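Next comes just one chain, in structure tokens: the form predicted on its own.
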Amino acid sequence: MNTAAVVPFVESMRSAAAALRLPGSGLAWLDATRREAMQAFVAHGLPATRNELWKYTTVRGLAQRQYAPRDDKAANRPVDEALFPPEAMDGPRAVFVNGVFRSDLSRLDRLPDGVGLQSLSSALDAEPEPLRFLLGAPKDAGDDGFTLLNRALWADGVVLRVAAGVHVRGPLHVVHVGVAADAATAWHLRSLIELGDDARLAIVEHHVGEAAAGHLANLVCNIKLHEQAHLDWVGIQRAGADATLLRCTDIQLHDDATLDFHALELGGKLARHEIRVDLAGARSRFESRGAFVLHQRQHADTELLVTHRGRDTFSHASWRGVADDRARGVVHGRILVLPGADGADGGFYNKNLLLSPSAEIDTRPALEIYADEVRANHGATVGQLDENVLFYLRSRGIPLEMARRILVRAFCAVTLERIEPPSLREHCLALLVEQLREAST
């Protein structure tokens, strides 16, 4: 996308870079990284549909918008308690409101021994050198306009480290909240999650927001799992109806490391998550299950890019999508098996339902295999509800809309059935039912 076509957005981001005093200002290596990233963003602009990873997600409307560089009142804005995880999921949590870390709403005093969690800005102030490898790295060939913006403008994030051998009982919650402000605001957060050898942790990542909060959240996260580490990660996305949520997550797994990922995508006007998984270590494993339910004019895009690099690695993905009204869903699952990754076993499966003739779901499974002795499978379907099953339910006295909700709930619930603990699984199912109820009104 050429810069001339995106002047309002580009100019608002360039103005933000000039006006904001960002964390780490004065560190020569970080200032240079930010300048380089902003120059690259201005030169290349936002991603266009000719970029294969953005083929079905256009940002033309977003490109014509301008955003405030920050919400100056975010540190004191009230937040509806209903937006937070229910008390049944009590535990440590880190809370960001409109991109600003809120210690008053967080519960970091409940962290167990061996777990370090702090805001990125605090970690940078205390000890910048250990973060230099992450924050000062040159731009990557895979960077698009939004990841370049994140490199240039990140203002905070989470630094979470679990020491070797530490097994954390109960999940840790990271909550991103969008609330109404004086103007639509863009915020950019960067996070680091690292588990030492044989460490074990569960994270629940919540994205929630008020309906009127039309902000832009641009989040980048780097996850590193060392040998025999195990991470259970659940992402619950129900951002505000007018919000734009863009996420890019880079994951690296070393020998015998395991990551189990569950996702529930329900909110936002435009929500996109690009997940890049590098199975670098021998016998590393990645399993993912996800569901999205969209209505009205929502647009959700999941890009799941798995690279098998080590020997005897394993990946399995099962995603399901539902679109109603004029909503659009995009699911791209790519399995890349590199030379030397013998014994790799990869699978990607995506099933989808269209509940309206105006809805659309684009699904693209892909395999690239450059090694021997490999097992790899993929499959994708897009269809409608079975009219015979609907007729059966209606013949038992169940109204049409209720019958549709029953079938769609069962269709999506398959991807959530392995979430632990049970209270979290029930919470996800309740949110799914609520979304289905809203979609039918």
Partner chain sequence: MLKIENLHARIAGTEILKGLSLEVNAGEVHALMGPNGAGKSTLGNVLSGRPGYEVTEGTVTFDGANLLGMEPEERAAAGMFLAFQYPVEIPGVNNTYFLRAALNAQRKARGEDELDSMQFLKLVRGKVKEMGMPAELLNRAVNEGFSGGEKKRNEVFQMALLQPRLAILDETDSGLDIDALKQVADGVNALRSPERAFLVITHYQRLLDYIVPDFVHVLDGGRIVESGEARLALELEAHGYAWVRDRTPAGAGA
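The structure displayed is predicted, hence computed values, not measured ones. Positions refer to the first chain, counted from 1.
A second form of this protein, the form predicted together with its partner chain, is not displayed here; the remarks below concern that form.
Annotation: in the model of the complex, residues N388, I406 and A410 each come within 4.5 Å of its partner chain through at least one heavy atom. Mapping the unseen interface onto this chain, W29 falls outside it, with no heavy atom inside 4.5 Å of its partner chain in the model of the complex. Taking non-hydrogen atoms only, R375 never approaches its partner chain to within 4.5 angstroms in the model of the complex. Interface residue remark: R394 is counted as part of the site for its partner chain in the model of the complex, having a heavy atom within 4.5 Å. Although the partner is absent here, G61 is not a contact residue: none of its heavy atoms lies within 4.5 angstroms of its partner chain in the model of the complex. Only one of 29-37, 43-51, 66-74, 396-404 lies within 4.5 Å of its partner chain in the model of the complex by heavy atoms, and it is 396-404.
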